[in-house]
Ligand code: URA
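Before any questions on binding or motion, here is one chain by itself as structure tokens, the form predicted on its own.
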């Protein structure tokens, strides 16, 4: 019960019947759907084409993103950009966002160490993500990592089991195609002797996404 009181969810702050991503982005800084807003520098909403063919959904902003207010601008974002280019997926065909809009971290001296969002944080933020996907209406939603995959497909999804092939689910807008792959930060954490293979697998997954587009 205490957790529900502390994390009422974002619905109260999501505009009713928003007509654009810009309207959502303008409303997001006021969100108090969970406690993560307070220690974070700012909300980090989204970037890219608001009518994109592909929506990329990550976990949450990192330290660089929290500082700049733009998703995927840190080391993982740079790796993702390189992978998109190698896969032949132009950035103007992509919309990028996260399942959680504020940076969750643990202070350690002068550093802020990434802390995985709890399930309740993801649930609190889900109204934003639902409206984003409704407005963008992409052909394919690429779920980068376990947090994003579980946020939209449920707790039974596993990267090892479900990555690399399209998953179709019924939504309020009809059948939507989802595609699960690893988060680029997981590639960066891969031991050096296996990192090239992990990166190549991400690129191959993104090439598969390109092949799904009409």
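These numbers come from a predicted model, not from an experiment. Residue numbers count along the first chain shown, from 1.
What comes next is about the form predicted together with this ligand, which does not appear here.
(message) Please identify, from 105-113, 130-138, 71-79, 85-93, the stretch that has a heavy atom within 4.5 Å of this ligand in the predicted complex.
(response) Among the listed stretches, the partner-contacting one is 71-79.
(request) Tell me, yes or no, whether residue 60 is in contact with this ligand in the predicted complex, where a contact means a heavy atom of each within 4.5 Å. (result) Output for residue 60 is yes: heavy atoms within 4.5 Å of this ligand.
(message) Suppose contact means any heavy atom within 4.5 Å; which members of 86-118 contact this ligand in the predicted complex?
(response) Heavy-atom contacts to this ligand in the predicted complex: only 98.
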